[in-house]
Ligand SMILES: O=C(O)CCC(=O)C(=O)O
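Form predicted on its own, single chain, as structure tokens, below.
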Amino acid sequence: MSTAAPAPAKSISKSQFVDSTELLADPAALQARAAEDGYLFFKQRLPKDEVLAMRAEMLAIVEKHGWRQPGQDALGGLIDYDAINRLTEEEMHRTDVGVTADAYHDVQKIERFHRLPHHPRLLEIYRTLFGREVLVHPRHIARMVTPHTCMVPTPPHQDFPYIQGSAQTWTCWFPVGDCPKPLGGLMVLRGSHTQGYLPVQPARGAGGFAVPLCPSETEWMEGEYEAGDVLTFPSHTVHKAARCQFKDRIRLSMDVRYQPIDEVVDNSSLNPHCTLKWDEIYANWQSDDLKYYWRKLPLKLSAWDDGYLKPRQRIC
């Protein structure tokens, strides 16, 4: 094995996402782009009014907990910097989503939060991509990035060590509201999925681990997100969040996961992304059709492997 020093890092390249909407009519072309780039981006894929309705419900919870500046309409995301920073770092670190556990539990109880991932315009993406029926993971994640001093951007990482199951599990990330670059949207490292699983090292930020990057890994894709835009990528694609440049705003987004229904899934992906039980989440829902929907499916469960989150050196 060579012990030569790595080559000097190339300058970081940032390019705009390529919209793949037109390829939904051509499954082979969509699959080919996914295989080459390791991500797909769809402009205005979700109805804007439904995304903004979700935003209003999430912001109502932020206001309930006393962190929102007064005098805004239902969609305004201005945060009271002093109020949010009265929270201790321990209170903020009970979850990695930017708010306290109590506030996050309130979000997890929103029926719309669990219904939006089943939108037909999202399911169409994955049915076209997989060429077969789709499992929507019930474990949805909200990111509510506030200007608390303990918050740091999500470091470069892959989702596979946290999800496991099928490597064909795709993350769907979308902002809940407009997300211009200075607000700190998600970026993906183009083509990084082709390397498979990469070793991790401890890091600050969501997840607690990062993939150490090699000098040649510089081709980051980014975008000026609007409400309704959708970014999706497989679980081996390296991605990270840009740093928010504001001290008075919240960045709201959702992480949802999809996979072919006939591939293995880890059991943890069927649990809530919090300490609540499903019965507690469902308590005040108006409809029953999505309650425990995965229990009716012939799923193949896989065992969790702790080894993926054991720190290892990466050889570039």
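Since we're looking at a predicted model, the values are computed, not measured. Don't overthink the numbering: it's just position in the shown sequence, from 1.
The form predicted together with this ligand is left out here; the points below concern that form.
Checking D159, D178, E217, D80 against this ligand in the model of the complex, a heavy atom within 4.5 Å turns up for just one residue: D159. None of Y225, Y126, Y104, F233 but one reaches within 4.5 angstroms of this ligand in the model of the complex through a heavy atom, and that residue is F233.
At the 4.5 Å threshold, heavy atoms of R45 stay clear of this ligand in the model of the complex, well away from it. Using a 4.5 Å cutoff between non-hydrogen atoms, L186 counts as a contact of this ligand in the model of the complex.
Taking the partner from the other structure, this ligand in the model of the complex has a heavy atom within 4.5 Å of a heavy atom of T154.
With a 4.5 Å cutoff on heavy atoms, D255 counts as touching this ligand in the model of the complex.
Checking 114 to 122, 233 to 241, 189 to 197, 128 to 136 against this ligand in the model of the complex, the stretch whose residues place heavy atoms within 4.5 Å of it is 233 to 241.
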